[in-house]
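Let's start with one chain on its own, the form predicted on its own, as structure tokens.
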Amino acid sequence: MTTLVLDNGAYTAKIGYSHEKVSVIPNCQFRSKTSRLKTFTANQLDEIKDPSGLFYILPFQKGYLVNWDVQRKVWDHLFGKEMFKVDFADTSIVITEPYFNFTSIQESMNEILFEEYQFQAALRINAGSLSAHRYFYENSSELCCIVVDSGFSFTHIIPYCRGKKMKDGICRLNVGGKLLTNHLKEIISYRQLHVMDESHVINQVKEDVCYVSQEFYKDMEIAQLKGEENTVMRDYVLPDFSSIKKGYCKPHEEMNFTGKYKPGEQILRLANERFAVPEMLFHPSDIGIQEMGIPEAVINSIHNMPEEMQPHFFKNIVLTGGNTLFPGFRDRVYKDIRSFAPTDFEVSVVSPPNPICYAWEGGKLLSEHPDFEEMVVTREDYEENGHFICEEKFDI
């Protein structure tokens, strides 16, 4: 019996057999401006000649799986002969779902996995639980950890104790990568170029030049300086998809401050946007979202836990999800939590080398666990007892 592990995120799906490597694939369909009629699925993105004005069709809205038609197409593509050639009669699946998922979505997922695809067995689990499983596996002496999962739609903060999630401490912030990209699009459109249709390009800009500031006000002052003194300013060369396939950031020494550019280059000049955009993860109130930032939410979550556990949580903070890849993210989270935490507690913030696939790796470990057979729901169980057995077995 083989096990397929699928961390089904709102932006990318992390998928692979438990005995193989993981692949990260866009979990959506695309249409391009030039070929309106053709729809590209998942990793066919590379076939699109001109990805400007790329139109995304996402299965997830506000973090929950609502568009089943798109999700089915993506899954058909992933499970089909072009990708993983899944033999459903001999495969069990570990699949992730968001916290506080709606019952109707869970039931649709059960039906699709067992009745349409006819997997032999399935385990539905939160991505954070997989991350925690991996963390406890690598740090077997620890009893507690708190997972900060900052993804595309949300940032979740989830305390785990001895492998069980502590429901009283789960906290969700409605700030994720999608919001950051959209905000960057708005700022650039307002200040320099109209890029509201260019999600794909601006997302790349965000990943290439944004960073988390350690001293926000100090960086703001630097960003206002003129010429060479402004060490924050960067020129980003936008792709034209003929000679420049992918945008890139010019090295600081190549920037010219006189204002004459090479012909044929389209340049975005970014200064305070570089750190003001990721700052929304720490102060969502900057753009009028009345919520706590990540460090404050972590503190809040830990304070909802029993007192004797609190020191254990402070020294086991795990960062996962794509937003944690911003340079300076870990240091800033550490700095802010350290300033809030009681002085006699040790604070440790762990940023794994590949935060995007961390949960997938946890799923891989889980599928090799001796109790794995006990955790899954088999197709026979499901055919006999219906949705009830899934509700009973899955800790969601």
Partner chain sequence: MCHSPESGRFTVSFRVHFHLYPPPPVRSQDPGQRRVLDRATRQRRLSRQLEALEKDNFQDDPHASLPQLAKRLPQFDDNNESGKKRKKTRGDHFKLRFRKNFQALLEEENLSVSEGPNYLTACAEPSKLPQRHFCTVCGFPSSYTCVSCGVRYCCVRCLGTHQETRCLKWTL
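Numbering follows the first chain given and starts at 1. Just so it is clear, the model here is predicted, and its values are computed rather than measured.
The same protein also has a form predicted together with the partner chain, omitted here; what follows describes it.
Original post:
With the partner chain left out of view, which of 138, 240, 142, 115 would have a heavy atom within 4.5 Å of it in the predicted complex?
Top reply: By the 4.5 Å heavy-atom cutoff, the listed residue in contact is 115.
**OP:** Could you spot which one of 268, 161, 78, 170 gets a heavy atom to within 4.5 Å of the partner chain in the predicted complex?
**Re:** Comparing distances to the partner chain in the predicted complex, the residue within 4.5 Å is 170.
**OP:** Choose from 240-248, 309-317, 123-131, 192-200 the stretch whose residues reach within 4.5 Å of the partner chain in the predicted complex, heavy atoms counted.
**Re:** Selected stretch: 192-200.
Subject >> Interface membership of residue 354, the partner chain in the predicted complex, 4.5 Å heavy atom rule >> reply: Residue-level check for residue 354: no, no contact with the partner chain.
Subject >> residue 212 within 4.5 Å of the partner chain in the predicted complex, heavy atoms >> reply: Heavy-atom contact with the partner chain at 4.5 Å: absent for residue 212.
Original post:
Closest heavy atom of residue 347 to the partner chain in the predicted complex, within 4.5 Å or not?
Top reply: Residue 347: no contact with the partner chain in the predicted complex.
**OP:** Spell out, yes or no, whether the shortest heavy atom distance between residue 341 and the partner chain in the predicted complex is within 4.5 Å.
**Re:** So residue 341 does not count as contacting the partner chain.
Original post:
If you check in the predicted complex, do 22, 388 and 394 all have a non-hydrogen atom within 4.5 Å of the partner chain?
Top reply: The answer is no: none of the three residues contacts the partner (heavy atom, 4.5 Å cut-off).
Original post:
Judged by heavy atom distances of 4.5 Å or less, which residues of 279-296 approach the partner chain in the predicted complex?
Top reply: The stretch 279-296, when checked against the partner chain in the predicted complex, contributes 279, 283, 285, 286, 287, 288, 289, 290, 291, 292, 296 at the 4.5 Å heavy-atom cut-off.
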